[in-house]
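Form predicted alone, single chain, as structure tokens, below.
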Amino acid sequence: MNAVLVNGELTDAVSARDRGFQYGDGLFETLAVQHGMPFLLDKHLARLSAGAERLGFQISPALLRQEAEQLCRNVERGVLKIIVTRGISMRGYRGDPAATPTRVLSLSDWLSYPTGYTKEGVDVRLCRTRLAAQPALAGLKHLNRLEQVLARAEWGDEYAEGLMQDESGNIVEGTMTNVFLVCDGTLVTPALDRCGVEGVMRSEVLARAARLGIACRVETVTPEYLELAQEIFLTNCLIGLWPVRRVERRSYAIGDITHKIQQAIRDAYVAG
């Protein structure tokens, strides 16, 4: 299963002059698909639209919805990736205000992770590669992912994920996940006002935790939090939630709050 739509046409060709290719001038979303339905599509499209507005161009959520539903129809299980760029322009960093944004929607096979990751937890490392601070881009899932590429190259299969820090050593996120810590009954997740990606599943977790009456804080997470935390878990829209059983040499319990959140979001991703 490798279907691709570029501006509504079945093709995998994108212009070499597209600013997404030239400069990483665009955004993307990755969605789980099951029974022909892209999970949390409304929230992904809302994030795309808000991100494009921050970057200074407009997209059509209605058109993207139509194309997403077209591509995912009759798909039992898969992964949908939506990319939007500023479009095609001539050479130079200044974009053409009249350019039409490029839409790329691609469907790929579901990647099954070991079932033990969800039930028994994962081992995680601290990455050497640091995230640079850039408040203008903080929170956005933009196309510039070289920090994550370098970080993921640091290990093979001995860890399921790596935690990334900013230049001051604060914990920000995983290479492909958001991170949550449980400290004395309070759910804590790193602030993303200087770098990092504001994940759709992260927002779901915060909203559903609040409805469960679980206290939540969004704040700077210093390395000392790894010593203070009783539980840690990771989230994104494909994996749902992975409990963390170990960060390098330190072990963690898979506790009550982790289990409660895992149950609370079970309708928002493809299990297993």
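Residue numbers run from 1 along the displayed sequence. Only a predicted model underlies this, so the values are computations on that prediction, with no experimental measurement involved.
Beyond the structure shown, there is the form predicted in complex with a further copy of the same chain, which is absent from this document and is the topic of what follows.
Inset, instruction - Determine whether any heavy atom of Arg152 comes within 4.5 Å of a heavy atom of a further copy of the same chain in the predicted complex, and answer yes or no. - result: Yes, Arg152 is a contact residue.
Legend entry - Touches a further copy of the same chain in the predicted complex: His259 (any heavy atom, 4.5 Å): It does not: once a further copy of the same chain is placed as it appears in the predicted complex, His259 has no heavy atom within 4.5 Å of it.
Inset, instruction - Report yes if any heavy atom of Arg202 sits within 4.5 Å of a heavy atom of a further copy of the same chain in the predicted complex; otherwise report no. - result: Flag for Arg202 set to no.
Legend entry - Lys81: touches a further copy of the same chain in the predicted complex, heavy atom cutoff 4.5 angstroms: Lys81: contacts a further copy of the same chain in the predicted complex.
Inset, instruction - Name the residue from Ile214, Leu64, Ala229, Leu238 that puts a heavy atom within 4.5 Å of a further copy of the same chain in the predicted complex. - result: Of the listed residues, the single hit is Leu238.
Legend entry - Selected contact from Thr189, Asn170, Thr175, Thr118, since only one has a non-hydrogen atom within 4.5 angstroms of a further copy of the same chain in the predicted complex: Flagged contact: Thr175.
Inset, instruction - Decide yes or no: are Arg17, Thr30 and Asp157 jointly within 4.5 Å of a further copy of the same chain in the predicted complex, with each residue judged by its heavy atoms? - result: Per the other structure, all of Arg17, Thr30 and Asp157 touch a further copy of the same chain.
Legend entry - Which of 180-188, 119-127, 67-75, 100-108 sits within 4.5 Å of a further copy of the same chain in the predicted complex, heavy atom basis: It is 100-108 that comes within 4.5 Å of the partner.
Inset, instruction - For the heavy atom contacts within 4.5 Å of a further copy of the same chain in the predicted complex, list the residues of 76-99 involved, in sequence order. - result: Residues within 4.5 Å: Val79, Lys81, Ile83, Thr85, Arg86, Arg91, Tyr93, Arg94.
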